[in-house]
Structures are given as C-alpha cells and as structure tokens.
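Single chain ahead, written as structure tokens, the form predicted on its own.
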C-alpha cells in the first residue's frame, strides 16, 4: 500500500513505474538475492540500500563490456552512481578478469568479484562445424557485430586497403545492421567497393554457415569484455585474428588458439592476418582444434551453470 501511495503522490513517469514494479516484485517474492544484469540498472534498486544489510536481499551486479569499460569514463553521472553503490554491493559477476579489474576503479572490492565466463550452447553449434581450412584464390575474411565505434571497423577497412596494396587477394564481409555513412564513405573513398560486402542482418543459423565458409574471423575491436561472436567462431573451427583489447587474451592464447594484434595497430593487424593466410592448411586446422578445446574447457553451459550456483551460495 505504501508503495502504491508513493507512486500516486509522485510524478507518473517511466522511471517511477519501473521502480514501482520492482518494489512490488521485491515485496511479493522477498528474494534472497537480487542479480542486476546490467550495472547501470542498479539505479532502479537504490531503495534496497536504505534497508538494513542483515534483512535486505544480497545484491549482485554483472560487469559487462561497455557499461564498465566506457560509460563511466564518459558519463559522470554513471561514474558517481557506481562510486556510491559498488562499495556496498555483495558480489560482482565479471565476464572476464580484465573487466573485473576495471571495476576496481569504481569502488568494487576485489574479494567480491567472481569471473564466470559466458557459456556456449555447443550442441547447437556442432551442426556448423568447419571441415576445410584450405584457402581458395581469394581469402575470405569475416567480421560480425553491430556498427559501433568500439568495434573498430574503420581500422579493419584500413587494414584491408593495406592488404590489397600489398597484392593480397582478399574479400571482407561484415555482418552488421545499420551501416553508418562514415563507413560507406570510407569504403568509397578508399575504392574498396569490389572487396567489401556488408550484410545488414541474417538469422543466427546463417551466420554460423557464413563462419564455416570463411577463412579468417577478424575482431578489430578497441574494447570488449570477451566477444561472444569470437567464441562462436572458435567453436565452429574458424581461425581467429583478434585485437588484444579487454579480456580477449583470456580466450585467445596467441599462436595457439588464434592470433592477437595490438589494439588500434593496423600494421600489426595486417601482419597477423598475413601470418594466418601464409600458414599451412595443417597449421590453420591446429589453430581451429586448439580453439575448440579452449571453448569446451572454459565456456561450456554446464560449467557456466555450476559456477553461478557456487557463486550464489558463496554470496549467501
């Protein structure tokens, strides 16, 4: 009743309605743990911090990509929100060690952070296993992910131009919706139209098929937690060349499960692509097999579920 009265006495807004619904859920179900999946959404749960710690539910926050690596650095309100709430959160789920370390600057306590890597449904992906690592007359490079500056597509296009200028026969496919004008301009300005295909979107199953048809998966990002699309490529058997941003070196062991280049370093990116192209068929297959084993060991759904059960129990 007090929750309803508070809503009626306040200005009706989307934020107030969300807070009303969250408080109702809390009052009805009285959970032992509140797990906030996106760090900035802690704003909707601030009322819990006014409840004595011995009777309120435990609060867990997931630490993911942009909301930890980027948003608080450019938005002072988010930074202040984290500084006020992180020190009194009971536990943090980090998608990578790198992103857990980044959360320390906003007040997260190291002993409360648990790294739990994303789980992958390998049974679903097994249908799309790559079986041939021989490269045809034109090498096919693939990237997948939304158009956003942190994805580094402008760097990949500069790298493509460098490869072509060196006489490499390559074709670059990007699967991403909403191509921005600056990307279209860069492609036209560098005369790359004949060497680039942008697919605005497709079903997940078709993306997996594209991975089996490609020769290299390229992740040119300047920031990531751990890119799920790289895990998918590794599970399928597509050799990966990735920047070493964020937590990517926690899944890509350089020269074993893939090749890493220094973030934003276009010559290094090109060198690693050429290294993969110039490797033997057996060498690329070895990369693929090692990558698949890494995903099976570190990113299985079974392990993911077990780690979370253990984490919840430890917080309680």
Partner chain sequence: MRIGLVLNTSPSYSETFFQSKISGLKYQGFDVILFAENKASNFDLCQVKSPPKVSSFFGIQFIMLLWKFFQLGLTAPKQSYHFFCLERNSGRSLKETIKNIYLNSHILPEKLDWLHFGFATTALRSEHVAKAIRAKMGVSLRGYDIALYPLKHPECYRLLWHNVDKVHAISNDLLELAYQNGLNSEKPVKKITPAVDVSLYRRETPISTFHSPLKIFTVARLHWKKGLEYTLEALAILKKQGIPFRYTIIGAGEEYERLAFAAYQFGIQDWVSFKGKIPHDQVKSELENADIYLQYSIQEGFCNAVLEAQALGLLCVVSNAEGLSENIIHGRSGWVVPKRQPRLLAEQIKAILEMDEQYLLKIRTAAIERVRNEFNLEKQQQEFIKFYTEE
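For clarity, every value in this text was computed on a predicted model and none was experimentally measured. Numbering follows the first chain given and starts at 1.
The same protein also exists as the form predicted in complex with its partner chain; that form is not shown, yet it is the one meant from here on.
Using a 4.5 angstroms heavy atom cutoff to its partner chain in the model of the complex, none of 232, 279 and 298 count as contacting. Here is the short version: of 116, 164, 139, 179, the single residue with a heavy atom within 4.5 Å of its partner chain in the model of the complex is 179. Only one of 104, 184, 194, 88 lies close to its partner chain in the model of the complex, with a heavy atom inside 4.5 Å, and it is 184. Taking the partner from the other structure, its partner chain in the model of the complex has a heavy atom within 4.5 Å of a heavy atom of residue 74.
Using a 4.5 angstroms limit between non-hydrogen atoms, residue 33 is distant from its partner chain in the model of the complex.
Of the heavy atoms in residue 80, none are within 4.5 Å of its partner chain in the model of the complex. Although the partner is absent from this view, residue 206 stays clear of its partner chain in the model of the complex, with no non-hydrogen atom inside 4.5 angstroms.
The stretch that touches its partner chain in the model of the complex, counting heavy atoms within 4.5 Å, is 65-73, out of 270-278, 249-257, 284-292, 65-73.
Annotation for 233-265: interface residues with its partner chain in the model of the complex are 263, 264 [heavy atom within 4.5 Å].
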